[in-house]
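Okay, so here's just one chain, in structure tokens, the form predicted on its own.
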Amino acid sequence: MSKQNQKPDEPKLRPHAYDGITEYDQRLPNWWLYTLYGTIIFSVIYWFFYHQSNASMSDVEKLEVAMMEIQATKLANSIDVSNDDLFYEMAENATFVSSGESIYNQYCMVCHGPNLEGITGLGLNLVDAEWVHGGEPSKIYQTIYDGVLDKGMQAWGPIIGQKSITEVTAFILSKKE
């Protein structure tokens, strides 16, 4: 069909044919073009944000954070208060230390001070080499759990629980000299 014989409302055909097949020569619909251009713009922004700008965590960093959370959950669910090695392992885990620090600041800082150095007449120094009630992690845990009533330290076990005391012990060990 030639252009002279074509009606104005009929679709345009390309001038060539292959095996008797002719192609339409039409514009793509606007919705299709907007989708294409939007996808291109999104992919450029995504590429820049995640791969060039370092604005978010890399996959390796996300994996490390997830592994720390898994390790913290595993340690929290397997608390053996007589295992000193477990307490030292917890003291190296940032999740336990930060949680223990917040619990320490809430309950212990009043007597033992913000730097764990003790307040005269109230609490003992927790970062020096001298430990009155035992410096092993299991002894520190037991002291916090049972308290020392004759020295004025109450038993924290029934109040804050085993997990919180374990986290506080991990925090103290992370600061211990």
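Don't overthink the numbering: it's just position in the shown sequence, from 1. Fair warning: this is a prediction, and the values are worked out from it, not measured in the lab.
Not on display, but discussed next: the form predicted in complex with heme C.
**Q** The chain here is shown without heme C. Which stretch in 58-66, 130-138, 28-36, 42-50 comes within 4.5 angstroms of it in the predicted bound form, by heavy atom distance?
**A** One stretch meets the cut-off, namely 130-138.
**Q** Check A170 for me: does it contact heme C in the predicted bound form (non-hydrogen atoms, 4.5 angstroms)?
**A** No - in the predicted bound form, heavy atoms of A170 and heme C never come within 4.5 Å of each other.
**Q** So, in the predicted bound form, is G118 in contact with heme C at a 4.5 angstroms heavy atom limit?
**A** Output for G118 is no: heavy atoms all beyond 4.5 Å of heme C.
**Q** Within 4.5 Å of heme C in the predicted bound form, do we find a heavy atom from each of Y107, C111 and L124?
**A** The answer is yes; Y107, C111 and L124 each reach heme C.
**Q** For 139-175: residues with a non-hydrogen atom within 4.5 angstroms of heme C in the predicted bound form?
**A** The stretch touches the partner through I140, T143, I144, V148, K151, G152, M153, W156, I160, V168, I172.
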